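For reference, the chain that follows is the form predicted on its own, supplied as structure tokens.
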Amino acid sequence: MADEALFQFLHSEIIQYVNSVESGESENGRCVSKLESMGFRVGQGLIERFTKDTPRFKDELDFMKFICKDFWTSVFKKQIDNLRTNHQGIYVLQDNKFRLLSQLSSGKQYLEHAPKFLAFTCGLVRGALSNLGVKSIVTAEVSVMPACKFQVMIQKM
């Protein structure tokens, strides 16, 4: 329980720091990009550690199942609530109570700040998949707090 609180505190402090360094309305995209690249590097390191003793994955669905079950559980202490795919390289991961958004009010006035709180996690997933040899684009959307959806588009090489 204490490590979860520490992770949430560290995450919010990183957002606050990056936001203060990249202050201004036009720098909001740069703030999100910097947070995403931080998450990318962390995701690369974590997936290396988590897959050390794991057998090889057969296909990209196995990669995504690992991300939704084992990886997500290790980082956020719960599994993804829903995984959907169109079997053409697009996966939607739904978390109905995303921990990094649970500290924000569930009102509509904070929806504009959600991308900053989701950028690190988008990078985390993209970095993990990258280190597994899967090139992807990860985006996130929030319609009602604290639920969010991460869309993973696998890019064929």
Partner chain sequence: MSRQSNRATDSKKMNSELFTLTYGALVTQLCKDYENDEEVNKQLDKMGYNIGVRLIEDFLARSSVGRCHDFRETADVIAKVAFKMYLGITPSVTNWSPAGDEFSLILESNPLVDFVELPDNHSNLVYSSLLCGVLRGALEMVQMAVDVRFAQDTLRGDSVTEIRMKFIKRIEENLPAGDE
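Residue numbers count along the first chain shown, from 1. Please read all numbers here as calculations on a predicted model, not as lab measurements.
A second form of this protein, the form predicted together with its partner chain, is not displayed here; the remarks below concern that form.
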{"query": "Candidate spot 13, 45 and 120, all three touching its partner chain in the predicted complex (heavy atom, 4.5 Å)", "finding": "yes"}
{"query": "Exercise: residue 41 in contact with its partner chain in the predicted complex, heavy atom 4.5 Å", "finding": "yes"}
{"query": "Non-hydrogen atom contact residue 153 with its partner chain in the predicted complex at 4.5 angstroms", "finding": "no"}
{"query": "Non-hydrogen atom contact residue 70 with its partner chain in the predicted complex at 4.5 angstroms", "finding": "yes"}
{"query": "Any non-hydrogen atom of residue 34 within 4.5 angstroms of its partner chain in the predicted complex", "finding": "yes"}
{"query": "Partner contacts for 125-141, taking its partner chain in the predicted complex and a 4.5 Å heavy atom cut-off", "finding": "none"}
